[in-house]
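The chain below stands alone and is given as structure tokens, in the form predicted alone.
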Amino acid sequence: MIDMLLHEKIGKKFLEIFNENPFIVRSPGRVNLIGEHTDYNNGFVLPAAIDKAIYFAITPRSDNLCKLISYDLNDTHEFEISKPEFSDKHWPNYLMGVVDQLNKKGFKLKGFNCVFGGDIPIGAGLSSSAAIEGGLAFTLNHIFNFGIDKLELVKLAQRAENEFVGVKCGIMDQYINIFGHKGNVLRIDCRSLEYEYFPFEFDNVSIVLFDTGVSHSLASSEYNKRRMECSEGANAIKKVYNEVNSLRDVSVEMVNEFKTKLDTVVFKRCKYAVEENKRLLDACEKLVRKDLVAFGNYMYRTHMGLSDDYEVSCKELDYLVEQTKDNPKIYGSRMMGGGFGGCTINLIENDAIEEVSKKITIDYKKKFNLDAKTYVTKINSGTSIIK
């Protein structure tokens, strides 16, 4: 009902401003259940679209003007369709980046009116940016009948963020935004871009995020460092195994051969990435068998790897994961995202969420004098037309 009220409010706002009934699209945020820091190693990821989303109310115009209205920020931005220019306000750039990509591809765009807003928490790692990019790309493709297929929409939305916004993100966020299915997680092969759905239909369990409320400044520099360390390891292994082009091509047995041949830190990074790929593939098999206990154990092992071998966790994340252990109502927990802050992702039985959240909030406040926000989500469909 909350979703319905929100999209109705946005539609009503559009009607008040532009005096016409808009086309309305829902574009979701996402979580990643397992498969962290595997994307740039050409590995697998396992995201899901969620029930928190951005909603677009849009109509085409007869001229070349674009009017953007952020419902949440109560702010507006206008630009000529052929001349999207980077804005210091930042939020319009995620939308103009999509227009920029369509222009580059030679699509004949007219102007449009757009009101958008949503309930994806900003800064919680649920990828509101990809929801904006994927949602607008999907909507413009539909109202202007461009006939762009789903995978091209994904790539276009990713390039919008890479080239116009200036964030060198991978393809996962835009991919799950367009391809998400209710009741399923999506295994994406980051090398071939092939995908497969796996059932995640546990009615008594929700995906709960605990937000550390911290963002350590190490995140971006250490992210780049990890990429270089993985690349260094893969190149060394390739000298012995010609078929290796990235850590995706390396087995657990192969990486262990290099324990004494690689720099100690580089070995730990490679070991984590190779083991995480295997964990993800094994975890998918557990989902097919509806074995959530085994799946959750893989999440805990992923966190251990991210903390000990990949060293991208922090004391706040480690503490939140530690608090979930030995509770039969909690199946799994791990840090989610780049690291050094952000959220943990947890699988918790619905009837225990309130009690668990309350305890964690109190204990976390005592330990760090910080408020740990709680976000409860369910798996939902990818970007789709509401009206």
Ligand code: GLA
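Source: prediction; values computed, not measured. Heads up, when I say rigid core I mean the largest set of C-alphas that superpose within 1.5 Å between the two forms. Heads up: residue numbers just count along the shown sequence, starting at 1.
The same protein has a further form, the form predicted in complex with alpha-D-galactopyranose, not shown here; the description that follows concerns it.
Engineer: With a 4.5 Å heavy atom cut-off, would you call residue 341 a contact of alpha-D-galactopyranose in the predicted bound form?
Structural biologist: The answer is no: residue 341 has no heavy atom within 4.5 Å of alpha-D-galactopyranose.
Engineer: Even though alpha-D-galactopyranose is not shown here, does residue 280 get within 4.5 Å of it in the predicted bound form, heavy atoms only?
Structural biologist: Because no heavy atom of residue 280 falls inside 4.5 Å of alpha-D-galactopyranose in the predicted bound form, the answer is no.
Engineer: Taking alpha-D-galactopyranose as it sits in the predicted bound form, is residue 40 near enough to touch it, meaning that at least one heavy atom pair lies within 4.5 angstroms?
Structural biologist: Looking in the predicted bound form, residue contacts with alpha-D-galactopyranose include residue 40, since a heavy atom lies within 4.5 Å.
Engineer: Is there a heavy atom of residue 294 lying 4.5 Å or less from a heavy atom of alpha-D-galactopyranose in the predicted bound form?
Structural biologist: Residue-level check for residue 294: no, no contact with alpha-D-galactopyranose.
Engineer: Please pick out the stretch from 206 to 214, 232 to 240, 91 to 99, 167 to 175 that is in contact with alpha-D-galactopyranose in the predicted bound form, where contact means heavy atoms within 4.5 Å.
Structural biologist: Checking each option against the 4.5 Å cut-off leaves 167 to 175.
Engineer: Mind checking whether each of 36, 223 and 337 has a heavy atom within 4.5 Å of alpha-D-galactopyranose in the predicted bound form?
Structural biologist: Result yes, every residue of the spot touches alpha-D-galactopyranose.
Engineer: Within 46 to 65, which residues come within 4.5 Å of alpha-D-galactopyranose in the predicted bound form, counting heavy atoms only?
Structural biologist: Nothing in the stretch sits within 4.5 Å of the partner.
Engineer: Residue 340: CA shift of at least 2 Å between this form and the one not shown after core fit?
Structural biologist: Yes, shifts by 2 Å or more.
Engineer: Taking the rigid core as the reference frame, tell me whether residue 312 has a CA displacement of 2 angstroms or more between this form and the one not shown.
Structural biologist: It does shift by 2 Å or more.
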